[in-house]
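There is one chain below, alone, in structure tokens, taken in the form predicted alone.
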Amino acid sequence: MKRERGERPIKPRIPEKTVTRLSIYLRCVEAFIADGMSTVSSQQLAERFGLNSALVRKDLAYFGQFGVRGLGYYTEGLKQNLERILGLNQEWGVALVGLGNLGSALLNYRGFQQRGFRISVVFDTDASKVGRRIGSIPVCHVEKIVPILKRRRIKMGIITVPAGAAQAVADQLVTTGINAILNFAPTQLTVPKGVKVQNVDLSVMLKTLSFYTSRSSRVTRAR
């Protein structure tokens, strides 16, 4: 269809898998920088990290032209562009709901802070935990999710509560204006359009590994 004069070009829809791969590209580029490399080609990325060079170029092309013909990509420049695209050039406040074993482990994970994700408030129902401070982070009752998060204007939440409580927690988070949820509860959440949920089901991942391990064991025995 011919575009009329004055109309804005239609931006292509960016596939979700492309967005997921951007973080992999960033990690790869950081490894090259650590090795002292100032430039890298899409083929080098592909060969070293098991990627597809054509796919690398296609993914990056959604966001602009970062490469130099015959040279490849300047690693520092590509790193900065990937951080900008992923929104990692700013700090994000994060709310954690559920201070059990998994929640406590995530709270102590330094990788979040290094990437600009700062857990700034925690919610739980356990009376022995509510009212405490873990470092500078307050632990509040889940009943206060809505007023506290609306006041703090936090946009990201992490759910580590049991499956039966996860949907109610998600509903509260959405009410506050949160539009991104990392869900560790083993259940599917129903959220409004415009709210992104990323599910992390550790048991499913382990079952997948079990499948490949059992197949490998059968092949070994067959030999």
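The shown structure was predicted, so the numbers you read here are calculated from the model rather than taken from an experiment. Residue numbers run from 1 along the displayed sequence.
One more form of this protein exists, namely the form predicted together with the DNA; it is left out here, but the text below deals with it.
S.K.: Kindly confirm or deny that Val19, Arg84 and Trp92 each have some heavy atom within 4.5 angstroms of the DNA in the model of the complex.
M.R.: The answer is no; none of Val19, Arg84 and Trp92 reaches the DNA.
S.K.: Pick from 46-54, 155-163, 27-35, 182-190: which stretch has a heavy atom within 4.5 Å of the DNA in the model of the complex?
M.R.: Among the candidates, contact is made by 46-54.
S.K.: Although the partner isn't part of this model, could you tell me whether Gly70 comes within 4.5 Å of the DNA in the model of the complex, counting any heavy atom of the residue?
M.R.: Contact with the DNA, yes.
S.K.: Taking the DNA as it sits in the model of the complex, is Gln65 near enough to touch it, meaning that at least one heavy atom pair lies within 4.5 angstroms?
M.R.: Gln65: contacts the DNA in the model of the complex.
S.K.: Is Ser42 one of the residues lying within 4.5 Å of the DNA in the model of the complex, judged by heavy atom distances?
M.R.: Contact check for Ser42: yes, within 4.5 Å of the DNA in the model of the complex.
S.K.: Find out whether any non-hydrogen atom of Ala61 is located within 4.5 angstroms of the DNA in the model of the complex, and reply yes or no.
M.R.: Because a heavy atom of Ala61 falls inside 4.5 Å of the DNA in the model of the complex, the answer is yes.
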